[in-house]
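Take a look at this single chain in structure tokens; it is the form predicted alone.
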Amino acid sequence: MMENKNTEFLKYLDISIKASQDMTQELIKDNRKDEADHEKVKTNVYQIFKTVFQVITKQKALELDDIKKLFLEKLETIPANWKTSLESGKEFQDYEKILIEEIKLQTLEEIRNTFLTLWESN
């Protein structure tokens, strides 16, 4: 059961990374560099959490609940600087920074929701 959940979640991340990379290429072809750069931010967030998840699941003797607990902790600690940066962007009306941090946090929420849905299904 654990291997299925791990595999499903990694598959979701791989599909998301590929879709985001494909979208980036389409935007570049359309000369929409700013939007392509924003899409790259999403790709990076997927890749960060794929790496984090793989590191957690490679630890020996972890049960499903341990993996869930560790991954959810990382979903809280890693974006702490993003939230600080978002607040800083708002304070100084740096709209590009605000947009980038919001993209990161929205992508994070999608990852969290998908993880919880997969992890809590049978």
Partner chain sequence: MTEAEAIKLFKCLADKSRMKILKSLIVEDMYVERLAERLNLTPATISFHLKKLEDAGAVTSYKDQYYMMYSLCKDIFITNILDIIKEETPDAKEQEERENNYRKKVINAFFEYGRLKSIPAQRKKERIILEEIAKAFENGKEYSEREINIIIADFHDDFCTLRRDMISEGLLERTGNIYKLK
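Positions refer to the first chain, counted from 1. Keep in mind that what you see is a predicted model, and the values were worked out from it rather than measured.
FYI, the form predicted together with the partner chain isn't displayed, but the following is about it.
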Contacting member of 105, 17, 99, 23, with respect to the partner chain in the predicted complex [4.5 Å, heavy atom]: 99
Sole residue of 38, 68, 74, 50 within 4.5 Å of the partner chain in the predicted complex, by heavy atom: 38
Tell me the stretch among 75 to 83, 55 to 63, 88 to 96, 42 to 50 that has any heavy atom within 4.5 angstroms of the partner chain in the predicted complex. 88 to 96
Taking the partner chain in the predicted complex, which residues along 13 to 49 bring a heavy atom to within 4.5 Å of it? 30, 31, 32, 33, 34, 35, 38
